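In structure tokens, one chain follows: the form predicted on its own.
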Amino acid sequence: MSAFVFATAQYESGDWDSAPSLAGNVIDTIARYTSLEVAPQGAMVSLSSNDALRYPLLFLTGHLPVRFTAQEGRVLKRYVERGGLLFIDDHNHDIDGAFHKTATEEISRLIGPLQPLPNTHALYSSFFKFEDGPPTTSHELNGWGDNLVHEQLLAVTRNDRIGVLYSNKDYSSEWNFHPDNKRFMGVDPTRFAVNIVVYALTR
């Protein structure tokens, strides 16, 4: 089995690279807590390229409106149909924001409607146990977003497997810290990323 590569999706609209430290922090966490072989560097993968189909997990984020090109839409639809997991996180943590409105519209158009994911779903026990579902982020109640704690993630499932996982919780900000700061954290906020990776690789 080849090493897992954390892949960030590039798309023509918006600011796909808004969390530049996130990939490195997630890679460090996978190496720290699991026995998975993980590539030391992440990959930036164009959604308009069939290369995207090589990765079991694609991470997509941003602040700005999302409108996929026709080619991006074809690749994305094929990616999910082939069993890939697309994890989308709203860097605005705002249900009234442009990213949320457009990203959810695009996923509904291309893949299917996003539905609340039960907090008892296997995702929350695929490695670490999250009894209450998705962990809350410090950014959800900072006054810049919608000032809500989002109790559930959203998902599109195919054959009882998550094909698209969608978050309003702004893990992009939570996981985008300077790597040197990790040793000062009482609880590693990137632990939930391990669950997502393990789920993508084993389900």
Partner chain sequence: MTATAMTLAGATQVRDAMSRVRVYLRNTLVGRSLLMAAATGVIAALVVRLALLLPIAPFAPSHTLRTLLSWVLPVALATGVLLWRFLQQERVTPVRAALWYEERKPCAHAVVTLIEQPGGALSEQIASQLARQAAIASHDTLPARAQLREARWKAWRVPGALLLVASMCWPVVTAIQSRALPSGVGEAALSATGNASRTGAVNRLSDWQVRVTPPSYAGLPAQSLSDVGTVRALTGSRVLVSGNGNANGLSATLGEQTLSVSGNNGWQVSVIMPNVPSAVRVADGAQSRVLTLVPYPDSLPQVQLLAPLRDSVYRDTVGTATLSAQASDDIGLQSLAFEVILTRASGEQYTARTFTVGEAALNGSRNGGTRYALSFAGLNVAPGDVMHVRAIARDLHPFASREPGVSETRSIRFARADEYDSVAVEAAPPPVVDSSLLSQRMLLDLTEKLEVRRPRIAREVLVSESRKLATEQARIRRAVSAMVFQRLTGEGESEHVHYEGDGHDHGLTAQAGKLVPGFGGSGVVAMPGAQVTGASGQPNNNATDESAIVAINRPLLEAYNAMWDAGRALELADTREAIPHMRLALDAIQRARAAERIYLRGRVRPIVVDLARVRLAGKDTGQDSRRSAGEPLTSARDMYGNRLLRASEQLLIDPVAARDSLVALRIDALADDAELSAALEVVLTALQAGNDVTAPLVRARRSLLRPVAGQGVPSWSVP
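Just so you know, these numbers come straight off a predicted model, no measurement behind them. Residue numbers count along the first chain shown, from 1.
Unshown form predicted together with its partner chain; subsequent notes refer to it.
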* Should residue 27 be classed as touching its partner chain in the predicted bound form when contacts are defined as heavy atoms within 4.5 Å? -> yes
* Asked: Are any of the heavy atoms in residue 49 no more than 4.5 Å from a heavy atom of its partner chain in the predicted bound form?
  -> no
* Contact of residue 149 with its partner chain in the predicted bound form (heavy atom, 4.5 Å) -> no
* Would residue 158 sit within 4.5 Å of its partner chain in the predicted bound form, counting heavy atoms only? -> no
* Asked: Does its partner chain come within 4.5 Å of a heavy atom in each of 17, 41 and 64 in the predicted bound form?
  -> yes
* Go through 97, 133, 112, 73 and name the one with a heavy atom inside 4.5 Å of its partner chain in the predicted bound form. => 97
* Structure fact -> The listed residue (36, 154, 57, 141) that reaches within 4.5 Å of its partner chain in the predicted bound form by any heavy atom is 36
